[in-house]
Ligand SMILES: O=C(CO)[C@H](O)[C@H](O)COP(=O)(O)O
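Consider the single chain below, provided in structure tokens and representing the form predicted alone.
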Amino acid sequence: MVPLAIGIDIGTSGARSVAIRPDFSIAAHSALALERFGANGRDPAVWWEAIAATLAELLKCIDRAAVRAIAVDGTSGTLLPVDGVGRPLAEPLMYNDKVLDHAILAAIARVAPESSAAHGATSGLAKALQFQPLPGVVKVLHQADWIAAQFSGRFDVSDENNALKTGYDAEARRWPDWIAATGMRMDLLPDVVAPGTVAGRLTPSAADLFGLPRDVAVVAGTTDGCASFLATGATAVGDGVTALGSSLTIKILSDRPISAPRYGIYSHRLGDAWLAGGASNSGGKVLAQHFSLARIIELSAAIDPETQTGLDYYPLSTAGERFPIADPALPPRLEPRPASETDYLKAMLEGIAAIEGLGYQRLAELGAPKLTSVRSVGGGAANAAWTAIRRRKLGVDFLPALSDEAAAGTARLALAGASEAGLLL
């Protein structure tokens, strides 16, 4: 029997499950939209119903007795308050929800180090402080913590990646003392372990619900962003991953933490390495303002990626950029416009590729290692002409991404936890 590990991803639109073998090959996967289970994607009951359904679908395709471990990833910065048995006491605050209480934000700004990811209205710490006064609150958990607890029964544990925006010090590996100075009750914060750590075993009820062995390990997971990086197979210092979605996001595995609040950069700890990166306001949403997807595909087929248009574009939807240039007033640069639509699209693709190159250069200037390879995910990764333009500009190896599913990255953590615990024998 080949042992299996399962990764579960809960996102803003759906739930996904992936089972992988020890050689990282995917044995099965399943995905279901949250809207099938209720209109309120903020409702933890909807999260759990969607996850239970997608896991049930996955388990139909594999030998349940082969499952050794399960891990969960969730949206970074999504928090909810719970009572002593894990029941939610209020609607969660999602990753992009803002805390509008100026006293809370001022308390954090007054004592938090500049390098902390806890700054800002969407920070996990700000949300925890807002939940703190609720009657009966025993813990404030991250989304992935609460889902994992449905399997383990442990409503008191988190991982280092999800805890980062709540103020966790990943270098010292502890909740820092300054958090208490914000007025936060430290007992409401969960214990924190490294991603990939065995945090518990399936409860009898969870094992019976899914027909799984009771000794299946529940392994500490991560954020959706870290999981997506791990899914690609990038594991060496200098490996980069570029996400070409509606926005342009780049990440690189570093041998040291990188912190640059000006650019919105902080580092997640992954074992003995660090994942650093930034997000540009450029990307696919700019292309979509000017071309339909069908037109992009049609025009891309006519692009010669080995020649330059000579145009120096900085494609933005509106003024303002944070990374790799920190300038809230930076104007879009999309002129002069050539007569040819093909050349216009090509110049935009060249411009976004130049931003990508500048992003990796900026990370190196801030202390990250030199880029040695790139794996690409997102819709733009399928554009052959754009890939050729990017390869020419970056000048490094372009490697295939093993998977673009965050759940596959989380499954790798589950596999690592099972291996460390000797469960793969």
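If you superpose the two forms and keep the largest set of C-alpha atoms that fall within 1.5 Å, you have the rigid core. None of these values were measured; they are calculated from a predicted model. In case it trips you up, residue 1 is the first one in the sequence shown, and so on.
Heads up, the form predicted in complex with this ligand isn't pictured, but that's what we're talking about next.
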{"property": "Among the candidates W146, Y313, Y266, Y168, the residue which, in the predicted bound form, approaches this ligand to within 4.5 Å (heavy atoms)", "result": "Y266"}
{"property": "Among the candidates Q130, T309, T122, T75, the residue which, in the predicted bound form, approaches this ligand to within 4.5 Å (heavy atoms)", "result": "T75"}
{"property": "Contact segment among 205 to 213, 148 to 156, 183 to 191, 221 to 229, judged by heavy atoms lying within 4.5 Å of this ligand in the predicted bound form", "result": "221 to 229"}
{"property": "Non-hydrogen atom contact A279 with this ligand in the predicted bound form at 4.5 angstroms", "result": "yes"}
{"property": "4.5 Å heavy atom contact, R201 to this ligand in the predicted bound form", "result": "no"}
{"property": "T249 within 4.5 Å of this ligand in the predicted bound form, heavy atoms", "result": "yes"}
{"property": "Partner contact for Y95 in the predicted bound form: this ligand, 4.5 angstroms, heavy atom", "result": "yes"}
{"property": "Those residues of 314 to 349 which, in the predicted bound form, come within 4.5 Å of this ligand by heavy atom", "result": "R322"}
{"property": "Rigid core superposed: T249 CA moves 2 Å or more between this form and the one not shown", "result": "yes"}
{"property": "Large Cα shift (2 Å or above) at F323 between this form and the one not shown, core-fitted", "result": "yes"}
